[in-house]
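In the block that follows, a single chain appears as structure tokens, in the form predicted on its own.
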């Protein structure tokens, strides 16, 4: 058999596009002097107090399989953390630990989507979400955020109108990657009421909940959802605690969904890495000062990037309410992937192309400003000639 003539794989997988963000990053990786602002992660390593907890766990021999839904100590710590944060009792039986938030979303879509079903997604949106729907032979239906002063807005009527009898879930990422849009508590209540009345799952991706600039945290569906509401809330240790490489997340859902998470974790990854779970306990226990300092750092970075980009006549952007991205439109750019590649080659700055976040993002670029002011200033100096 010729090496190119292999047996077929599933059509949904064969037709799945590659990541356009990775495409830009693959081009720039290895180039001399590139400033990489393409991925959504802080430029600082995980803090020492978390690393020390992982080291202690390794030295104590925590290198074996764990329970599918996570070690009891971490699940209890997560229930306590969320109860304190949201002022609502979160029972430990509602909590499942996952090998990253991305793994959680993949497992959830595997659990909910049959071929021909659809999920309604608020966009622009991180591309991996729609991919998880397509992998299941489902249809992602995008409802676009609208741009207006002072920022982005979601029309709830458009959101509800996109659903039909084959809709299994509405997916909302707030705070949003890439725009920084944050859904109000009032709109969250309206969406949850609508899903509850129709028996449709609401999947809330809240991984940026602690990176908010007008409050200690963003509004959350957990602030008012009941324990049996059709809400599956996804979160992660990656962003708030600088733990992107640890691959550790968690899901909060009705207790009855726990058995599904247990089975799906078993058949996908068995469990999140044991030593990472012990590190997560330390992050929850001792990480509040670190989060506060990080948010202040990102606030200064946001203001610098916003001021510099807003001064350029071809650039249009809103000041993000949360997360750590500047998502900006460049007049005259019709192919954001080609333009992002050009910026890597000519300016030696790596940005994510807006089209990666769906058709609604074409003409935009995403800059991750979770970096030092000196790094960002240098990147903006390099970008300005191409953006003027």
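Please read all numbers here as calculations on a predicted model, not as lab measurements. Positions refer to the first chain, counted from 1.
Keep in mind that the form predicted in complex with a further copy of the same chain is not shown, yet the notes after this line are about it.
Engineer: Answer with one of 318, 274, 182, 294: the residue that has a non-hydrogen atom within 4.5 Å of a further copy of the same chain in the predicted bound form.
Structural biologist: Only one listed residue qualifies here, and that residue is 274.
Engineer: Using a 4.5 Å heavy atom cut-off, which residue among 282, 132, 82, 312 comes into contact with a further copy of the same chain in the predicted bound form?
Structural biologist: Among 282, 132, 82, 312, a heavy atom within 4.5 Å of a further copy of the same chain in the predicted bound form occurs only for 132.
Engineer: Can you work out whether a further copy of the same chain is within 4.5 angstroms of a heavy atom in all three of 155, 368 and 380 in the predicted bound form?
Structural biologist: Negative, none of the three is within 4.5 Å.
Engineer: 359-367, 30-38, 340-348, 55-63: which one contacts a further copy of the same chain in the predicted bound form at 4.5 Å, heavy atom to heavy atom?
Structural biologist: Of the options, only 55-63 has residues within 4.5 Å of the partner.
Engineer: With the partner left out of view, is residue 375 within 4.5 angstroms of a further copy of the same chain in the predicted bound form by any non-hydrogen atom?
Structural biologist: Residue 375 lies outside the contact set for a further copy of the same chain.
Engineer: Given that a further copy of the same chain is not shown alongside this chain, does residue 76 nevertheless sit within 4.5 Å of it in the predicted bound form, heavy atom to heavy atom?
Structural biologist: Contact check for residue 76: no, nothing within 4.5 Å of a further copy of the same chain in the predicted bound form.
Engineer: Using a 4.5 angstroms cut-off on non-hydrogen atoms, would residue 102 count as touching a further copy of the same chain in the predicted bound form?
Structural biologist: Looking in the predicted bound form, residue contacts with a further copy of the same chain include residue 102, since a heavy atom lies within 4.5 Å.
Engineer: Consider residue 88 of the chain shown here, and say whether it contacts a further copy of the same chain in the predicted bound form, taking contact as heavy atoms within 4.5 Å.
Structural biologist: No, residue 88 is distant from the partner.
Engineer: Residue by residue through 84-122, which ones have a non-hydrogen atom no more than 4.5 angstroms from a further copy of the same chain in the predicted bound form?
Structural biologist: Heavy-atom contacts to a further copy of the same chain in the predicted bound form: 99, 100, 102, 103, 106, 110, 111, 112, 113, 114, 115.
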